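Taking the form predicted on its own, here's one chain by itself in structure tokens.
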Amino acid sequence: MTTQSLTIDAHEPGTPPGDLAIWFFIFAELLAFGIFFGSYAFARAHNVELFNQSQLMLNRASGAVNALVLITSSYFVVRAVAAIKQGLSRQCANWLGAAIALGGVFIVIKLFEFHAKFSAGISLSTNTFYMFYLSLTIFHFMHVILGMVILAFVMAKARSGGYSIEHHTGVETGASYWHMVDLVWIILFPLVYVIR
């Protein structure tokens, strides 16, 4: 096997990993979240007391646990990419499965959190803070679910031997999306749950 054949699927130096199309999607999603975050910061600056009081009702512990869960899942995705670059399809699939499982943990924790808020009569119309809190976290929640679906497809293909040392763009593409989901939560958690 020649050096040239080993680089057929590798991205060029200075270009992002994975398929270029996913990066257009990622940048569009980051722009949407950025607008959300900017609007949140603007609204908070004009009603600090309401935001601080409402924020006290959030479960920071569950938010922090979910941050650790997503960071760990991103590490597992990194391990999956490293495995497929060595031609280890089964290990790649196993690492992706572990990342998906942690995505499931995130979903369960958020469902308990949403249930607690809705049971307390909190909704989008309760006040400005909760409108942002629910909109941002539900929007991110949907992205986690989409990320899990993407990783599941990549995992299934890896398990069936659909990727190799030479051809693994799909793994990098799924990994890139998952890292975006993780990054957004790393910004969202302190912004909404912690900063006062």
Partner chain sequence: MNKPSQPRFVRPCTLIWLTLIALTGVTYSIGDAGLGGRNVMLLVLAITLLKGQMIAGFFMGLRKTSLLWRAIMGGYLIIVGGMIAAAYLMGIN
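Residue numbers count along the first chain shown, from 1. Please read all numbers here as calculations on a predicted model, not as lab measurements.
Omitted here: the form predicted together with its partner chain. The next part is about that form.
Taking its partner chain in the model of the complex, would W23, G34 and V48 all count as contacting it (heavy atom within 4.5 Å)?
Every residue of the candidate spot has a heavy atom within 4.5 Å of its partner chain in the model of the complex.
Applying a 4.5 Å heavy atom distance criterion, does F42 contact its partner chain in the model of the complex?
Answer yes; at least one heavy atom of F42 falls within 4.5 Å of its partner chain in the model of the complex.
Flag F114 as yes or no: does it have a non-hydrogen atom within 4.5 angstroms of any non-hydrogen atom of its partner chain in the model of the complex?
Heavy-atom contact with its partner chain at 4.5 Å: absent for F114.
Does its partner chain get within 4.5 angstroms of any non-hydrogen atom of K110 in the model of the complex?
Heavy-atom contact with its partner chain at 4.5 Å: absent for K110.
Residue-level question: is S74 within 4.5 Å of its partner chain in the model of the complex, judged on heavy atoms?
Heavy-atom contact with its partner chain at 4.5 Å: present for S74.
Contact residue in the model of the complex, chosen from A98, V105, V78, I122 - any heavy atom within 4.5 Å of its partner chain
Looking at A98, V105, V78, I122 one by one, just V78 meets the 4.5 Å heavy-atom criterion.
Single option in A152, I145, L30, L58 placed near its partner chain in the model of the complex, where near means a heavy atom within 4.5 Å
Looking at the other structure, the residue within range turns out to be L30.
Residue by residue through 169-196, tell me which have a non-hydrogen atom within 4.5 angstroms of its partner chain in the model of the complex.
If the 4.5 Å heavy-atom criterion is applied to its partner chain in the model of the complex, 169-196 yields S176, H179, M180, D182, L183, I186, I187, F189, P190, L191, V194, I195, R196.
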